[in-house]
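Single chain ahead, written as structure tokens, the form predicted alone.
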Amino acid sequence: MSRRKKLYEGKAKILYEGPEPGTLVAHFKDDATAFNAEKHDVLEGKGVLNNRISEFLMVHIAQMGIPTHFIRRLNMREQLIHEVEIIPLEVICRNISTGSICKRLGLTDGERLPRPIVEFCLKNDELGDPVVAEEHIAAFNWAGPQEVEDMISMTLRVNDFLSGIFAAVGIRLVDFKLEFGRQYDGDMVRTILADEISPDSCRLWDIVSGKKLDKDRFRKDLGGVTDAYAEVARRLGVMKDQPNLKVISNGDAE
């Protein structure tokens, strides 16, 4: 990878120029961050797990007919992706109340919401990624009306798929974050799913014990972060070729 030009380094990934025009190589780092990078650590193996879990989910999502930037996995830490212009919004889908929505709306933590709620946040670490309304999106031209409609539609379809696939392995999908990008082909442009889907971007709770199997273990100093990610990978059948990865016991409760 050192022979390729590094184009961007974020909190969890490095992007390199790809082997062909219109492609990039995404390298998954072991860095863990929270609270807009105010909290930081390096957790050995986290990047490998996120790469493999995200590959597994993106492949299945593409099979549903939802376009994604994922092309193929290159190795344990890297994947080849389509180059896109990232839309400056995070799309949050919530099935159960926890985190910031409880503080904003006075909801009880762990309460099932009446229906999945889709929220938009502006991608801006300095401002704390604030929640924005569709009026803000239109007024400041962060995305067009059709893009907003497409992002909501795809997010709800992804929610249906993820809820089912995780429930089948005893995991409750509490909420998750998606990012989308614009893929250009001459005069044509389409909205596609980008970034990653992993325990870094989802809240995942064991259905029986309520044990957190996601980044909240890092945010809340619960420990066992990579063990939890490995447990998600094991249940999904993703890391069968890595028997030395540790997992946490199904019966442990917090």
Ligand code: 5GP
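So that there is no doubt, residue numbering starts at 1 and follows the sequence shown. Quick caveat, the model's predicted, so the values are computed rather than measured.
What comes next is about the form predicted together with the ligand, which does not appear here.
Looking at 148-156, 109-117, 88-96, 72-80, the stretch with residues near the ligand in the model of the complex, meaning non-hydrogen atoms within 4.5 angstroms, turns out to be 88-96. Note on contacts: among Lys177, His136, Arg182, Arg172, the single residue with a heavy atom within 4.5 Å of the ligand in the model of the complex is Lys177. Distance criterion of 4.5 Å from any heavy atom to the ligand in the model of the complex singles out Ser201 from the list Thr68, Ser201, Ser54, Thr226. The closest non-hydrogen atom of Ser163 lies beyond 4.5 Å of the ligand in the model of the complex. Of the heavy atoms in His60, none are within 4.5 Å of the ligand in the model of the complex. The ligand in the model of the complex is not approached by Lys29, whose heavy atoms all lie more than 4.5 angstroms from it. Looking at 105-141, the one residue that comes within 4.5 Å of the ligand in the model of the complex, counting any heavy atom, is Asp129.
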